[in-house]
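Below sits a lone chain in structure tokens, taken as the form predicted on its own.
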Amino acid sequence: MGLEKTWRWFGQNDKIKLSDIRQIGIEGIVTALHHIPNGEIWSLEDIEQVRLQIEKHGMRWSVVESLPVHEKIKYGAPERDLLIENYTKSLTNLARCGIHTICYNFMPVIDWIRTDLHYKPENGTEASYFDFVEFVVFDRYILRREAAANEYPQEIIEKAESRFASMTSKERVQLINTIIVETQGFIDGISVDDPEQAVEIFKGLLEEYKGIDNGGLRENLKYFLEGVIPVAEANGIKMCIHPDDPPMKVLGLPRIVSSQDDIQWVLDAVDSTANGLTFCAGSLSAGAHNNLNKMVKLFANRIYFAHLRSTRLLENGNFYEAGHLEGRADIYTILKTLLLEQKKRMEAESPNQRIPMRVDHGHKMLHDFTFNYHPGYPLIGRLKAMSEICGLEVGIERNLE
């Protein structure tokens, strides 16, 4: 039996409807209550409304992505105990509604970072792209973060200075919009019309982490886990932390889920089967230091959710979203490892036997260009990716037999 085929759906405002998703052969939906502000309790009524809507279309609410961790928990504000209590109440309500897999992240301020959402690979599709120089332009010359001058190679700083000097005001606004608004606002981030206002709000969020290094953020994550994992255990919930995207230090912020050692620390911080991992092959493959084949085998028994995609690394730290069977991520080995782990769980009659999998960040192609889909979430591009993954999966299963 293959991994559970799931699809990310952004609720009523998603241009891809549940009836469309069902036609693709999807079994489980990955979604969240996006209308509820971070830190507030997810009520039974709100959860049930979405769950029943999904089940009406012949699927199940398989994974919550995400039940967001409030920034005040991440930087350890006095209010964090109340916010953690609210979080555990949401977990309990989700379990009462039969939802037991929670994807979350502990990235400060910003979830995933790209500098261009319209990069054109040779085949004419459209992918997202991270350009190191453009990112330093944003950090050093738009945010004007003073410490940035000493955090990047001098060669990159000089290129960024030259690039910034040649940029039009339209290009600067587009870079701000890409990094702060377009990749964040449609989920849980900043949504404003004035670029200068977006920058000021963003700078204020960064300021909250002043003086917090990786060790400090680790301690705040451990404090959070010590508060929520016992509740997760009691309710049969699997908490699945998502790796940093990209897996590197950015904007002077601490990053603590970027490498094999980082992930091992998280899993050891509160040693419980409820404390698990979302194995995002795309995020992890964007770091040249990560050996994904080794990592998926090492952490297999604590992987409860998988994002299958890949990246292609270029010079100077640049990368773009590759085709799902291309790039750095060896999807064949990753998928085979997860299938073997799932088989082991089924033979042991463990709970949460099937591992939910979704394709992620598909290329925009064909009729995708006529629709304003959320960045990274086109219909046809993800449909192509799902077909590729499912075909590969069948081949692996037959070979294992």
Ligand code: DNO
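The first residue of the sequence shown is number 1, and the count goes up from there. Here the structure is a predicted model, which means the values were calculated and not measured.
As for the form predicted together with D-mannose (DNO), it is not shown, yet the points below apply to it.
Among the residues C103, I179, I73, V257, the one placing a heavy atom within 4.5 Å of D-mannose (DNO) in the predicted complex is C103.
A heavy atom within 4.5 Å of D-mannose (DNO) in the predicted complex is found for one listed residue only; from R80, H242, K159, R328, this is H242. None of the heavy atoms of K5 is located within 4.5 Å of D-mannose (DNO) in the predicted complex.
By the criterion of a heavy atom within 4.5 Å, H363 is excluded from the residues contacting D-mannose (DNO) in the predicted complex.
D-mannose (DNO) in the predicted complex is not approached by E219, whose heavy atoms all lie more than 4.5 angstroms from it. In the predicted complex, W9 stays away from D-mannose (DNO), with no heavy atom inside 4.5 Å. Note on the interface: of 364-372, 47-55, 60-68, 333-341, the segment with non-hydrogen atoms within 4.5 angstroms of D-mannose (DNO) in the predicted complex is 60-68. Taking D-mannose (DNO) as positioned in the predicted complex, the residues of 110-126 that bring a heavy atom within 4.5 Å of it are, in sequence order, D111, W112.
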